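First, one chain by itself: the form predicted on its own, in structure tokens.
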Amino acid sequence: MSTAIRTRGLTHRFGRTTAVDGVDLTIAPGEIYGFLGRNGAGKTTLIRVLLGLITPTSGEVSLLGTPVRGGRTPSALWARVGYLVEGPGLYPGLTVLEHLRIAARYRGLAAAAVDDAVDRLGLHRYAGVRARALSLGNRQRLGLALALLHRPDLLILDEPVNGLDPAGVVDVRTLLHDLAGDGVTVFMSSHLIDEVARLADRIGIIHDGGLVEELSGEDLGAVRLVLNFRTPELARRAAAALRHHGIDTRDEPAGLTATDPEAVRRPDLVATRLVSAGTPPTRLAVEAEDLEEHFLRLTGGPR
């Protein structure tokens, strides 16, 4: 098995609305993959397609080398996949321990699996508490315990630290790192950008249904040269002038950015060339961009 998750041309439409648009993903075993997007960008739809909960309009999906085809997916696959999507589906009148014991019996697991899940998620003191009385954070802990009960090879998680206090977030972060170290693949969607930056080996950003960028941990904090201009026309001419000197730029809402090492090292030289070309910038600065800034820039800025 060379991939844990693979999609090709994955597209899903709701009537005339395209929720997921031609997404290609390749995620390796043992990788922690962070998935970011604004509300309505297509994150949850894509996760539901991965889990066979909805059938895509077109494209291919496979998990752990097995094709996923909605209700026709081989049932043996789900013995190797754990998931938590849109919060845990709990029975209000059942206790934490009852939830785990029932799930263990359904999967044919030994009682030790329940004890292990309770240990991993720190649920000892809540074992006899009914779901209706649990805090949001402890409901989430129980949902994670249920997802991990059968020791899956692949975990698909939507907002895994939702409702957890800071100590709980650290606990889950450590748990996911340990699982990845044991070869478990983790695909996680979250609105907590800093947490994704801490955890993920690679990050995919989805916007308007399309995967607009993938980046690795090494890409985060990359230094860039930021250039602003009085008008879009001046920015266009400046980009052409810099291309003439072998410096590629990227269009931004307020101007241009360049990651060329020489441009970053010698911003004074860039400024001189732009002034000579008749396209002086109103601002020129070398900046290190964090994941939040990068995400907002790619997806249209703050709202």
Partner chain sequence: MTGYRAALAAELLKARRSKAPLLTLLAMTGAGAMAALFMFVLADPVRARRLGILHQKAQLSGLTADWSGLLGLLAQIIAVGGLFVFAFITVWIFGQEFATGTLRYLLALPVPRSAVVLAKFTVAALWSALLTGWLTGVVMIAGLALDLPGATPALLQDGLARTAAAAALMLAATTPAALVTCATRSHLAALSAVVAALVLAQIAAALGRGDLLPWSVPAVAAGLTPDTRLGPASFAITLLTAAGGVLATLAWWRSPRAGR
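Note that the structure is a prediction, hence the values are computed from the model and not measured. Numbering follows the first chain given and starts at 1.
Unshown form predicted together with its partner chain; subsequent notes refer to it.
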* 4.5 Å heavy atom contact, Gly52 to its partner chain in the predicted complex -> yes
So, in the predicted complex, is Asp165 in contact with its partner chain at a 4.5 angstroms heavy atom limit? no
At 4.5 Å between heavy atoms, is Pro88 in contact with its partner chain in the predicted complex?
yes
Original post:
Is Gly128 close enough to its partner chain in the predicted complex to count, meaning some heavy atom within 4.5 Å?
Top reply: no
Only one of 226-234, 100-108, 114-122, 182-190 has residues with a heavy atom within 4.5 Å of its partner chain in the predicted complex, and that stretch is 100-108
Interface check vs its partner chain in the predicted complex: of Gly70, Gly246, Gly65, Pro261, the one with a heavy atom inside 4.5 Å is Gly70
In this chain shown alone, the residue from Val212, Ala133, Ala79, Val170 with a heavy atom within 4.5 Å of its partner chain in the predicted complex is Ala79
